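A lone chain, given as structure tokens: the form predicted alone.
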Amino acid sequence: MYDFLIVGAGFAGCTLAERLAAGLNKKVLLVDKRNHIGGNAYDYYNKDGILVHQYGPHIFHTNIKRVWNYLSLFTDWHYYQHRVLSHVDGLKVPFPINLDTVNMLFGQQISVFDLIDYFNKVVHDAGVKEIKNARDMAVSRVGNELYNKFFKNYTKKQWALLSEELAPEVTARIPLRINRDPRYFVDPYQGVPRYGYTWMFQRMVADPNIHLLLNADYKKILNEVKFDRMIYTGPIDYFFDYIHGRLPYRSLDFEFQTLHVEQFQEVGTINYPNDYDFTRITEFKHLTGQKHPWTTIIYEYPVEGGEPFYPIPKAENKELFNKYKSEAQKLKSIYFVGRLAEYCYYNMDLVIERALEVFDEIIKEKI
């Protein structure tokens, strides 16, 4: 007999399992269909002894002190601040776009004040009157020329859709710098778990009140276990047996290469918005700080099908999700938490914040 059945052992599931077990002394069955915990943040040492992220690079960053302090209970940190270059016009230039990006691309030596004037002019010339889609959002921030160089083709590769077909949030979440700051994130708390995400997750679910069951579809055990409440972090359409149709996702294929060199590229990630079928190359040792005479890199190829990674931000998809959300609101003892259950592209820290908020709600219910 369990107090809670938690479906999915990613950030949301592990956080809630730990809090319920350690904080409220509840008995938890934590189930995942994969053969590992950690969700898409799962990492491992490959056969060459290099720590890699199986589902692409994960750099933790947040401005939410509660979230940082919570994870710090289970890990020390390798304090890493992510830097990205973008391969544009045969040059590797800083991304997000900043003062150095513009100077390198256009062979200029303008100042920050000139950069502000430049953006004001190109945005004015672009003439976007109303932001209806991802293209409008990007052009309203950087003008047409930089949109074409950095956003147009990358978006098409990533989503297999034109920017005009996607919601504004797709490009709104990409930062823009009116200075020379080369960091991709500027949150006050940034890093990668010192011994890896998997090690951190293992410590989170080590409580004896947590029973972990891997390689299992929760639907196939519902008649075999008893529980009071469920926390569901998987795809919401699967939960309801696709009664309203399938929610569309974009997925990724990964190609790993281990090279007999100490370093392959200058920074952690290099984007390729206009060339090749892959979107970016990441070198893991930049992220982890690991010392090793060889290095492993990963190429990312966006694909249809496969694991559901990215909810596709279109109005009709939001409408479809709302049908499932209405179904979920009819259920009393089931909580839907996380990116797949809420069909929302949460960053890792926001998933944890949401999980902690749900835990606070459970405490108020005094169960």
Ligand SMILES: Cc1cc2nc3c(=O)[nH]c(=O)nc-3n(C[C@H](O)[C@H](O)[C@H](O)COP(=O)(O)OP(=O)(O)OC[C@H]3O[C@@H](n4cnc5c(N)ncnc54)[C@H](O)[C@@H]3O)c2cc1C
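Start at 1 and count along the sequence shown; that's the residue number. Quick caveat, the model's predicted, so the values are computed rather than measured.
Omitted from view is the form predicted together with the ligand, to which the following refers.
Visitor: Considering 34, 325, 27, 314, which brings a non-hydrogen atom within 4.5 Å of the ligand in the predicted complex?
Guide: It is 34 that has a heavy atom within 4.5 Å of the partner.
Visitor: If you check 238, 272, 189, 159 against the ligand in the predicted complex, which one has a heavy atom within 4.5 Å?
Guide: Of the candidates 238, 272, 189, 159, 238 is the one lying within 4.5 Å of the ligand in the predicted complex.
Visitor: 45, 196 and 200: each with a heavy atom within 4.5 Å of the ligand in the predicted complex?
Guide: No residue of the spot touches the ligand in the predicted complex.
Visitor: Within a 4.5 Å heavy atom cut-off, is residue 217 in contact with the ligand in the predicted complex?
Guide: Within the cut-off, so yes.
Visitor: Closest heavy atom of residue 9 to the ligand in the predicted complex, within 4.5 Å or not?
Guide: Although the ligand is absent here, residue 9 would touch it in the predicted complex, with heavy atoms inside 4.5 Å.
Visitor: Does any part of residue 358 reach within 4.5 Å of the ligand in the predicted complex? Heavy atoms only, please.
Guide: The answer is no: residue 358 has no heavy atom within 4.5 Å of the ligand.
Visitor: Although the ligand is absent from this view, report whether residue 171 comes within 4.5 Å of it in the predicted complex, heavy atoms only.
Guide: Although the ligand is absent here, residue 171 would stay clear of it in the predicted complex, with no heavy atoms inside 4.5 Å.
Visitor: Please pick out the stretch from 65-73, 328-336, 37-45, 315-323 that is in contact with the ligand in the predicted complex, where contact means heavy atoms within 4.5 Å.
Guide: This holds for exactly one stretch, 37-45.
Visitor: Which residues from 45-81 come close to the ligand in the predicted complex, meaning a heavy atom within 4.5 Å?
Guide: Heavy-atom contacts within 4.5 Å come from 55, 56, 57, 58, 59, 61.
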